[in-house]
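Presented as structure tokens, the chain that follows is alone, the form predicted alone.
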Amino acid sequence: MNVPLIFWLVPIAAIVALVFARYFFVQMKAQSEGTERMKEIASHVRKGAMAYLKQQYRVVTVVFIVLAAFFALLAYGFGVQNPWVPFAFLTGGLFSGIAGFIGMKTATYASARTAQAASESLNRGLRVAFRSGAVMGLAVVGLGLLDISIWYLVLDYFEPADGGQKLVVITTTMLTFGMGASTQALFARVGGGIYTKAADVGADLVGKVEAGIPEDDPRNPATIADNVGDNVGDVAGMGADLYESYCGSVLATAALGAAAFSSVGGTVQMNAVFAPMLIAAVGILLSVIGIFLVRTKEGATMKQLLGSLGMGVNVSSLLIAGATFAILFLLGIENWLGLSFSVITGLVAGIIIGQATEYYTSHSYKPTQKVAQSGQTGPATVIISGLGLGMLSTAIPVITIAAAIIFAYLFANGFDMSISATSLSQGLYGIGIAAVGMLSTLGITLATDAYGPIADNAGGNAEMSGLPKEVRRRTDALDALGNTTAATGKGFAIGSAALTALALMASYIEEVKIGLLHIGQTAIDIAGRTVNVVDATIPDFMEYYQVTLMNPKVLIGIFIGSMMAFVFCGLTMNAVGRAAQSMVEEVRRQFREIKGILTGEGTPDYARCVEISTKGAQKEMLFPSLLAIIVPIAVGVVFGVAGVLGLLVGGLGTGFVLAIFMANSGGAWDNAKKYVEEGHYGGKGSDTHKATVVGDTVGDPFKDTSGPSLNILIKLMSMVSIVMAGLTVAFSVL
């Protein structure tokens, strides 16, 4: 084993993250949970969330066992895959599931404590909710880097290859556990998203619009299911989602570093592999500093609350920007200065996308206020206005990512515009490391995202427990802030997905090379010249497989990839619609048949609504999730490498823009409703309020089911293509 001393900073940083996650969890548990009624409500939500998650994990376990057996057949039966692939796949899914579980368990304990803290002051409520969210952020980055560290050490010890090729094999094999993480994340996002939005839509349409009772009113039978859904969808699902984003960016960049510097080999190549891991490791330590900086004052406005969270995130980002120069300089990587600016490019792009998302979704700004204003003429104009806003909001993120790609590419290869083998591989490495830069402060940026569902549940607990209006006012302020930070987090995740997916496409070519070697093909013929597979460059493979826009296989792949984004959204939207329809019918039935619910004398059947959401989510999540795995395999077998690359291009281009549109429309509809509830345009109970509630229910699956699942779809199709590259080159028909 040849592991330099500096590598050990990576597992040490991972352990530090987990230690602080434990510290914040214990600190949260030490807070008061409030009255007996508050404890009872929190217990119902906690039990419902845990019951759902256990059922989801049973289903996912069966899928993982089947897929692992398939990979084992390819590896040990047909010899077209590395024998470590089945095991790496399983650990990726396991760690992703653990990250989601830790976050959800923390959130279910934190909601009542946040409500109780908010009864004392706004600052205490913010600190309890935010530091509880930090448990999720630190658990995700800690488990991610720990998994990466373990697999690197295992493969370094057992991999028989020598020279520069050894690191290429190690890093491409490690990408397999990225597929495990992506698969688990997609099930968690889709299943959790269907659950939470079925409950949310049912609770809003029947409770707020038809019955005219407040949000989170204990008389509403779907209220507990709605609160459970916030945890299983927006916490457990989001944690698994960003775990795979984080690991995917680090692994893809490490694989590109191994390939870009394979001809040099030695310490230079090894340091190029370690660079993204070390940047992520230092990012963990600096994120912890940022977490301790978040605080606010009583009576803070929305902009001041956003500024409080922004203080922690921005300080962490500035510190990692400076640390990057030192890391790459000490590693002695060629063009360390240019690569450092590639990392800065990723950081800046993340901040711009976050700010753009905040502008379009926060009710502190005109776009969302105009959506609220449109409610004066009914729900139709609310929906039209929100759709238009979402479409317009795609411009800034797309231009930002385009600029980030070109600048990261040019900084990394010394502003060489030629598409030579060397400049291309180094430029792609720069794009990958920009994605790592964007996600380097995930420990704190994910904390701002996970904070939202905790604040939302705290408001529900305060309402159902009958706490004073002042407490509900504070929790509403924290909840509105959470809606904006959640939308910002989704934009951040989607932006990083675009950069990571591009790096994964380049990694796919490296896996094709290894797949050819697995089937015994050591040379390829390109326009009459013979090139050794080991020495072949990305342009060589592009020419060999005729990856051009004039190749119908590429065009077919592009169309299928674009179609996948819409089909996937259609399936998940309809799934929410069917589950929500069952919920609406059940809530109406209970209002009709259980006497005294609306007067507070009868007790709703909360368990029945939880059961409906659970069954609906389990039934509906399987097909769209499996489709994301099956389609890349089928395209690879039928249309070969050219078809797969077209598929990935189409999925990335369409999926990225569609995801931004859906997330921002949904966030704007949600906060437009909040803006009206604050007393604008008639306030709660007015016709304008009812119109914005309808808009919010339309936006629920946009922003919490289909939209955020798209960034996983983009990367999962890339991961599946990489893992199946051996099968593609061995058995492709065309």
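Residue numbers run from 1 along the displayed sequence. Superpose the two forms; the largest set of C-alphas matching within 1.5 Å is the rigid core. In this text the structure is predicted, and so the values were computed from the model without any measurement.
The same protein also exists as the form predicted together with another copy of the chain; that form is not shown, yet it is the one meant from here on.
**Q** Please tell me whether the candidate spot formed by 12, 152 and 341 is one where all three residues come within 4.5 Å of another copy of the chain in the predicted bound form (heavy atoms).
**A** The answer is no; none of 12, 152 and 341 reaches another copy of the chain.
**Q** Among the candidate residues 534, 94, 351, 391, which is the single one with a non-hydrogen atom no more than 4.5 Å from another copy of the chain in the predicted bound form?
**A** Exactly one listed residue reaches within 4.5 Å, namely 391.
**Q** Which of 124, 553, 105, 166 has a heavy atom within 4.5 Å of another copy of the chain in the predicted bound form?
**A** Residue within 4.5 Å of the partner: 553.
**Q** Among 174-182, 133-141, 534-542, 259-267, which stretch has residues with heavy atoms no more than 4.5 Å from another copy of the chain in the predicted bound form?
**A** Only one stretch qualifies here: 534-542.
**Q** Answer with yes or no whether residue 697 is in contact with another copy of the chain in the predicted bound form, where contact means some heavy atom within 4.5 Å.
**A** Flag for residue 697 set to yes.
**Q** Taking another copy of the chain as it sits in the predicted bound form, is residue 212 in contact with it (heavy atom to heavy atom, 4.5 Å or less)?
**A** Taking the distances in the predicted bound form, the answer for residue 212 is no, it never comes within 4.5 Å of another copy of the chain.
**Q** Answer with yes or no whether residue 701 is in contact with another copy of the chain in the predicted bound form, where contact means some heavy atom within 4.5 Å.
**A** Residue 701: yes, in contact with another copy of the chain in the predicted bound form.
**Q** Does another copy of the chain come within 4.5 Å of any heavy atom of residue 632 in the predicted bound form?
**A** No, no contact at 4.5 Å.
**Q** Within 627-660, which residues come within 4.5 Å of another copy of the chain in the predicted bound form, counting heavy atoms only?
**A** Heavy-atom contacts to another copy of the chain in the predicted bound form: 639, 645, 646, 649, 652, 653, 654, 656, 657, 658.
**Q** Quick check: residue 688 between this form and the one not shown - does its CA shift reach 2 Å or more after fitting the rigid core?
**A** After core superposition, the displacement of the residue 688 C-alpha between this form and the one not shown reaches the 2 Å mark, so yes.
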